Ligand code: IYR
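Just the one chain here, laid out as structure tokens, in the form predicted on its own.
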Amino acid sequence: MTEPGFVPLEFHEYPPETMQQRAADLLAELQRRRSVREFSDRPVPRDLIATCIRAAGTAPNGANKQPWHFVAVSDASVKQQIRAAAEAEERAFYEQRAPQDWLDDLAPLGTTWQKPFLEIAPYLIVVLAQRFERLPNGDTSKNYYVQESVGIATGMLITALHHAGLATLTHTPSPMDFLGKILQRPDNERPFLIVVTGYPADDAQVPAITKKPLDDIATFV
């Protein structure tokens, strides 16, 4: 195995007041991010989606194995298949599998088993986690911290899409095995979630919710 070697770190240091302002600016931008369920069908440039995926691909990960794959779906017929399969699972969840306390917690958000955004939004980015890597010679190579690595990359993808000016929604039908079949993905990959993205509908609304204050989410020791 060839050693990767090392290169100088490219690091930009800022004065403390500039650092605080940059952090505050990012906080303000992220506080505007909301999960959107009402999308416009306005087209989104493919290059924009590609750039955001590249940003996600810079995420830290176990042993630099980069155990993720992103399938950006814009084809109408494929989106229709995904919606039909997702709604079948969601309907079974809402009507049969979900415990009542879970349904009670979801009620204020107004969600149902119906997911029209899966067809309306211009892009569905299916995030897949690679349990292991298949090498060109047919052997396999183990991946490490797969869920953690893919979770971090997904967060960076959502941030990149929001920063670019798009609305997003994370969608996690359970189970999600149908995604691998529809997209004809190899058996070393498992669906992690769907990031729905595009422009919000002109009349889009979101639940009036708040986030926990700093004292509830952080402890400084």
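One rule holds for the numbers: they count along the sequence shown, beginning at 1. Since this is a predicted model, take the numbers as computed values, not measurements.
There is another form of this protein, the form predicted together with the named molecule, and it is not shown here; the text below is about that form.
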property	result
Listed residue (74, 147, 80, 111) with a non-hydrogen atom within 4.5 angstroms of the named molecule in the predicted complex	111
The named molecule: the contacting residue among 172, 64, 58, 184 in the predicted complex [heavy atom, 4.5 Å]	172
Contact stretch among 150 to 158, 22 to 30, 164 to 172, 188 to 196 - heavy atom within 4.5 Å of the named molecule in the predicted complex	164 to 172
Contact of residue 132 with the named molecule in the predicted complex (heavy atom, 4.5 Å)	no
Partner proximity in the predicted complex: residue 120 to the named molecule, non-hydrogen atom cutoff 4.5 Å	no
Residue contact check: residue 106 to the named molecule in the predicted complex, 4.5 Å heavy atom	yes
Heavy atom within 4.5 Å of the named molecule in the predicted complex - qualifying residues of 85 to 102	90, 93, 94, 102
